[in-house]
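Here you get one chain, nothing else, as structure tokens; it is the form predicted alone.
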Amino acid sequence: MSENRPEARPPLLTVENLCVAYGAIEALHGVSLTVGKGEVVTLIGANGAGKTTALKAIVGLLRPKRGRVIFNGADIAGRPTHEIVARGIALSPEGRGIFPDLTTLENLELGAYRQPDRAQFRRDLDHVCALFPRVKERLKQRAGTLSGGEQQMVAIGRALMSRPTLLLLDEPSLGLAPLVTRAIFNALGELNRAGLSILLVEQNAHLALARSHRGYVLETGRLALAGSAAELAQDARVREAYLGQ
């Protein structure tokens, strides 16, 4: 996205001592992190480390056992997802989660279900179509017939239609060709330069760190490392475990 910038930013999201369990199995053990206003922060970790669980807990899809999730000064931990979305957080989930039997336009309309102003809806739709021209070409097409890259663009576009100030992205490049991945990350960079804060989970650690300001490393549900993206990219443990160096 933008270049790595080390200066501190006012906090938009603060997660404190977050613990989340699936039944008797605790998946997150006291995780704390922050996302500053206008910042891109990445979560790195192996499969099963708890990255997706953290995003789901932030957006209210999972209820934390303990801990606080402070967004714009309010504790939203355990609040219903529709309330959290209304406050300005949106999730583009792993696997995209589009509705295959609906058209692309109908999927985008679902992201704007709280928007009563049709003129504003049209402006938001135009914005998504400008970011992702392929989406504009496919508005009347059933979403299930789109390519994987197009579906990912629709998933991100649907999240943007709720007009978030914080976008949570779960594995946006998963299964996509490098050219499509580049187009998606270029669009995310444009959004960030316009002021959108982003919390990113991304399997491609090289790409994630190159496009982020700061990062955290999760290992088996615990925070193992934190630092600027540049620091993590040079850390010997990160290089060996996640960068293949």
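A quick note: this is a predicted structure, and the numbers were derived from the prediction, not measured. In this text, residue numbers run from 1 along the sequence as written.
The next section is about a form of this same protein that is not shown, the form predicted together with a small molecule.
Novice: Can Gly215 be called a contact residue for the small molecule in the predicted bound form at 4.5 Å between heavy atoms?
Specialist: No, Gly215 is distant from the partner.
Novice: Verify the contact flag for Asn204: yes if a non-hydrogen atom of it lies within 4.5 Å of a non-hydrogen atom of the small molecule in the predicted bound form, no if not.
Specialist: Outside the cut-off, so no.
Novice: Is it the case that Gly48, even though its partner is missing from this view, gets within 4.5 Å of the small molecule in the predicted bound form, heavy atoms only?
Specialist: Taking the distances in the predicted bound form, the answer for Gly48 is yes, it comes within 4.5 Å of the small molecule.
Novice: So in the predicted bound form, does Thr53 come within 4.5 Å of the small molecule, heavy atom to heavy atom?
Specialist: Taking the distances in the predicted bound form, the answer for Thr53 is yes, it comes within 4.5 Å of the small molecule.
Novice: With the small molecule left out of view, which of Val41, Leu191, Ile184, Ala27 would have a heavy atom within 4.5 Å of it in the predicted bound form?
Specialist: Checking each option against the small molecule in the predicted bound form, the one that comes within 4.5 Å is Ala27.
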